[in-house]
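Only one chain comes next, encoded as structure tokens, the form predicted alone.
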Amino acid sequence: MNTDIAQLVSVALYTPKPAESVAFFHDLLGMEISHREGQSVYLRAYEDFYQYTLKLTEAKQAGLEEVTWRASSPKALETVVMRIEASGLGDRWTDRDYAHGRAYKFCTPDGHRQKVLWDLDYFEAPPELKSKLRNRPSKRPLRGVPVRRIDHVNLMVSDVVKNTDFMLNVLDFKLREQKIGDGGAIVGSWLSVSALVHELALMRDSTGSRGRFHHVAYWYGAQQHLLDIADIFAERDVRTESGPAKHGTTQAYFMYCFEPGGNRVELFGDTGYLIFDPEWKTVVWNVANEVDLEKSSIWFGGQLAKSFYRYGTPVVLGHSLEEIGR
């Protein structure tokens, strides 16, 4: 697929409980710590090829710091930046971020901070982490149930149409699936730049807030691992929200949980389906219809908790997990 954006590189999150958040991703999800700098810790899954895919930074509130995308070539980077600047949402060039080269920072229409780059550092495994598989960047860890790679990010937005149009027309994404609600209002978009169903999802924020974070997803590739990590979470009182179950939208097996800082994390048991059709027609679910509402969210395995539609970070007054309930 020929798009100007090639892939999701990393997600940077804020956490008010940095030590506990790092322990969650390192000890339970088996991620490796690749770097520490100031109040930030950088981590990667064992099949992530770059230096890191997750950055955790201490802050008063949980939430999103930044999403990083890689352009498909140096020329594509310049092309994308021209379109971003023409949109009026550009910020500046920078080369000061750890393990990332020259990058252009910008915002979505809702204010989510992003950047796009070409140059970045690949992970070079030290001898103790070097895999005998030449196509695997590091050994599978022996901690918890280790995730394999970053999969996608989900952002909450006040206006799904405006933010979707930005991703399509400025960043060159493809619209794979979409949900419409009462009166035909668009309430969710699933977008990708590859054969994956999505590297990015946009969901309408029912609180009317702007720029909140819904979740980051890491991939297992095996449904059994969702049951394994669910068992571990239950023993250690990790708060889970929904699943293990299967989505109708994307057809993926999943589980939602919360890391100690309050950010939602999705664990993907498989890829869902892949898209190779160059003339793909967007799949539309009408969630004003009770059947579509139920089957698009959960194909089987229970139902999504109320918090799924209302909770995001930073937390809006009156919409904490305790106030929303299940």
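Start at 1 and count along the sequence shown; that's the residue number. The structure displayed is predicted, hence computed values, not measured ones.
Heads up, the form predicted together with another copy of the chain isn't pictured, but that's what we're talking about next.
Contact label in the predicted complex: Q251 to another copy of the chain, heavy atom within 4.5 Å: Yes, Q251 is a contact residue.
Heavy atom of S158 within 4.5 Å of another copy of the chain in the predicted complex: Heavy-atom contact with another copy of the chain at 4.5 Å: absent for S158.
Another copy of the chain contact at E177 in the predicted complex, heavy atom, 4.5 Å: Yes.
Residue contact check: N154 to another copy of the chain in the predicted complex, 4.5 Å heavy atom: Close contact is absent here: in the predicted complex, N154 is far from another copy of the chain, nothing within 4.5 Å, heavy atoms only.
Stretch in contact in the predicted complex with another copy of the chain, which is absent here, among 226-234, 94-102, 163-171, 182-190 (heavy atoms within 4.5 Å): After filtering at 4.5 Å, what remains is 226-234.
Heavy atom within 4.5 Å of another copy of the chain in the predicted complex - residue from A125, V81, A222, C107: Contact check passes for A222.
Residue (of M203, A217, V116, L196) lying close to another copy of the chain in the predicted complex, criterion heavy atoms within 4.5 Å: In short, L196.
Another copy of the chain in the predicted complex - contacting residues of 119-137, heavy atom within 4.5 Å: Contacting residues: Y122, S131, K132, L133, R134, N135, R136.
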